[in-house]
Ligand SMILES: Cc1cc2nc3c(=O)[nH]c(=O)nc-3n(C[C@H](O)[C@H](O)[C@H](O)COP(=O)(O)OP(=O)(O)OC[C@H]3O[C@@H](n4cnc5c(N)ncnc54)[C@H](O)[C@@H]3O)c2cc1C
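Below you'll find only one chain, the form predicted on its own, shown as structure tokens.
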């Protein structure tokens, strides 16, 4: 059994973990940072729709001419349950990524800063080791042990690092969405728009999406709350959706997964350990988006860990600064978004159909997301108490 040491062990080579490694090394080039990714390649398999906001992603990588952008998006199209189409948000909306290239670009940055990235290696257990941690690993080199002064857990929705460290990462069943997605080619849609399709017969408790990868090619998927799905898995709902709306499309790549639409876990730190990204439920509960939020959390985590190591204090009390900064940055917003999500879940398909028709009465050049929400408030004033704290 091999044994090695490092200053910081990052578990998970997704966006959160890679940015955390990059920022740790950038803050202190003398630190030894090791990233362990259980999959055989960084960025694969792809487990999401790959959509990001343009401003958010630009904080971490320059998108100019980047090969990791599959498509630039300039508008959002909502489909109501009855098929009514609403076009909003014309302008610089965001990008559809090619994550098989996006994550390697982040990894290259982390590597240039000095981090070591190792794929195909899984952490199978951790235990406290004096002032640090000992992690048991399994990979191409066989079973091993890594002794680290600090662990950053960025091991995704199914995170075990937090549980092993004694942090409560449980999530209510109603806030766990099951997702399925195909890459579909040979279909017709606006290649400069993302489509979001709502309805209890479409994706109960969630929504379906069409995210263009190119002309005639898109990620088509859906996420839904299993408790509302009549016992049918997400893949079965997706097959029905594709058969109905894109019957002539060719289905190629396929992926399944889960998305947590809850709020940040109450404790993201303990002695010598930090959770970030999906592992800490740092996901927008309204949209289910977690790429940019994960990177923002990774940046905070890396800088906090480097500072704590420089101060020779990696106690939970010292690392708590990370949690507090995250909550001020995005965590408190996510709590408000969660309350709005809960309120919206109480409304039926008829509400969304009426809302779509009302919004279509607004001139297209004045049809913004804010105006859509204002119309929702007018139709259902019961939304006002949960929305006012954020929008007013």
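What you are looking at is a predicted structure, and each value in this text was computed from that prediction instead of being measured. Residue numbers count along the first chain shown, from 1.
The same protein also exists as the form predicted in complex with the named molecule; that form is not shown, yet it is the one meant from here on.
>> If we define contact as a non-hydrogen atom of the residue within 4.5 angstroms of the partner, is residue 258 a contact of the named molecule in the model of the complex?
In response: Flag for residue 258 set to yes.
>> I'd like to know whether residue 39 contacts the named molecule in the model of the complex, with contact meaning heavy atoms within 4.5 angstroms.
In response: The answer is yes: residue 39 has a heavy atom within 4.5 Å of the named molecule.
>> So in the model of the complex, is the named molecule close enough to residue 99 to count as touching (4.5 Å, heavy atoms)?
In response: Close contact exists here: in the model of the complex, residue 99 approaches the named molecule to within 4.5 Å, heavy atoms only.
> Quick one: is residue 49 in contact with the named molecule in the model of the complex, heavy atoms, 4.5 Å cut-off?
Replying inline: Yes, contact at 4.5 Å.
>> Counting any non-hydrogen atom inside 4.5 Å, which residue from 288, 114, 132, 216 sits next to the named molecule in the model of the complex?
In response: Filtering the options by heavy-atom distance leaves 288.
> Using a 4.5 Å cut on heavy atoms, which of 283, 202, 165, 86 is close to the named molecule in the model of the complex?
Replying inline: The residue from 283, 202, 165, 86 that makes the contact is 283.
> Honest question, do 60, 104 and 308 all end up within 4.5 Å of the named molecule in the model of the complex by heavy atom distance?
Replying inline: Checked in the model of the complex: no contact with the named molecule for any of the three.
> Hey, of 76-84, 154-162, 309-317, 243-251, which bit sits against the named molecule in the model of the complex at 4.5 Å between non-hydrogen atoms?
Replying inline: In the other structure, the partner sits against 154-162.
> Can you name the residues of 1-38 that have a heavy atom within 4.5 Å of the named molecule in the model of the complex?
Replying inline: Contacts from 1-38: 11, 12, 13, 14, 15, 16, 17, 36, 37, 38.
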